[in-house]
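Form predicted alone, single chain, as structure tokens, below.
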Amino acid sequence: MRVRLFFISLAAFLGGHHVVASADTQAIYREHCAECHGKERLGAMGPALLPQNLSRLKQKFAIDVIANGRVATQMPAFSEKLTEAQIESLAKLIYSEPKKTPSWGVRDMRASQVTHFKASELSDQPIFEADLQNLFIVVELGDHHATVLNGDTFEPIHRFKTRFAVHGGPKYTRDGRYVYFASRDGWISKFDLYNLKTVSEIRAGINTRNLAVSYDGNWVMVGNYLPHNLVVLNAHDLTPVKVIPTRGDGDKTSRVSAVYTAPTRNSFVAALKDIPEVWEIPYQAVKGIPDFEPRRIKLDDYLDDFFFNQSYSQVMGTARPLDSGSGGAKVKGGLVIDMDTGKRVAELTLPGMPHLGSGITWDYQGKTVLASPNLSSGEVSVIDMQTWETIKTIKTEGPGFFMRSHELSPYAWVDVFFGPNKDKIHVIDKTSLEIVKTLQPAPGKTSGHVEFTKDGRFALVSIWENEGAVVVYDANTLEEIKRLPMSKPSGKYNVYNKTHYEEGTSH
């Protein structure tokens, strides 16, 4: 799941001195901020609130964010709850250095490592009957559980507890047997779908963005917001193999926006949030363990959001505009980077805040097009991936977060995740590029994150509420088939679509 909770601060840290917060300010933080950002400001549902994580922001921007919230995020406004003085004191607090610099190294990781089941204790045959390629993992954020769902019968097979605030989407091994979860507070869990058991866990960071699994199934790479690093784990038992500090030129370090696997390249690709670089980390070795030495591709701008073409030879990226913040987008729209040469091959004309991480592709009039929703305006951009020109801008009823389709479906689905029409889903004809139907699965309740069955016959939609549901639609007739009550189902991840890198889903 890609929702970013931006709670950003005023830079009131001057001359290297600590800002000592009053007891009242500490109490305000505990009441209004700690639930999302952690009682020690180390991050939870929201990111860590420490100076090293706020380097791209001008000082005055924070007060406006705290007072008025942030568009396209779950950051609420506090202007009606707090006075101007209280808001300013909060900003000073969260931009002050903590009394103890947080750290998390290999020794800490090893101390946290837990093996629940050994390989010899687990069957190599599934303990249930179902099409193993048409299973879904449904992440339920409301009570921090996940459900294994049969994609043929739409009956739950198993429900189990996850770590707090699973984020970034679970990732499967190529055969679909194992699935890995990353939680916001750094826990990595390996789950055996055949035996329906969590087999091992380790805490790989303090505040984690997401993880990726190598195509050969041997390595897991974890991208952290805190500490500023990438962590390589042995995929079989989650033992830490290498810590890669995300350091640019000089002393500049960076959070990791996201990490991906590029199966055709036998490498991981990492987007850095605070350094204008993309890193490619090869994971194939002739003998022994790879050295995981990053290849640093220097860019003109920060890239916070990524999309790859189907061959992984090119990456498209956008920088988040930070309003009046320093380090905002220099390039309007997005960049296209050739992964072999590391050179920019095109710029994308994309207004607002395009969400390329949720982009999809399909064949349109003999050419491949990319379609992306927009986090700040009601539109979907459809782009020719040869000329990189925008073919059409499809107007929607509000900003969207998730877009999905399937190679065998005539339709692309996009939500209206933000704003007054958050309960709607648009269905777009991929041939005419027109909205042919607008669904309203649960009036007044947020709808989002469409995912298809492996054959593209059915589309599953989340009702993003604590007392929510997964709604199953016939993907051709657009009629509702079934509704399964669930606790804030944030995402549904089909084994086949994810392991075959289906063009209609994110990777």
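Position 1 is the first residue in the sequence shown; the rest follow in order. No experiment lies behind these values; they were computed from the predicted model shown.
In what follows, reference is made to the form predicted in complex with heme D, a form of this protein that is not presented.
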Spell it out for me: taking heme D in the predicted bound form, does every residue among N210, Y260 and S506 have a heavy atom no farther than 4.5 Å from it?
yes
Location of heme D contact in the predicted bound form, chosen stretch of 382-390, 402-410, 101-109, 343-351 [non-hydrogen atom, 4.5 Å]
402-410
Determine whether any heavy atom of Q74 comes within 4.5 Å of a heavy atom of heme D in the predicted bound form, and answer yes or no.
yes
Would you classify R255 as touching heme D in the predicted bound form, given a 4.5 Å non-hydrogen atom cut-off?
no
Contact between R184 and heme D in the predicted bound form at 4.5 Å, heavy atoms?
yes
Should W464 be counted as a contact of heme D in the predicted bound form, where contact means heavy atoms within 4.5 Å?
yes
Among K424, K190, H228, K171, just one has a heavy atom within 4.5 Å of heme D in the predicted bound form, namely K171
Have a look at I137, V199, V166, V269 for me and say which one sits with a heavy atom within 4.5 Å of heme D in the predicted bound form.
V166
Residues of stretch 481-507 in contact with heme D in the predicted bound form (4.5 Å, non-hydrogen atom):
S490, G491, Y493, K498, S506
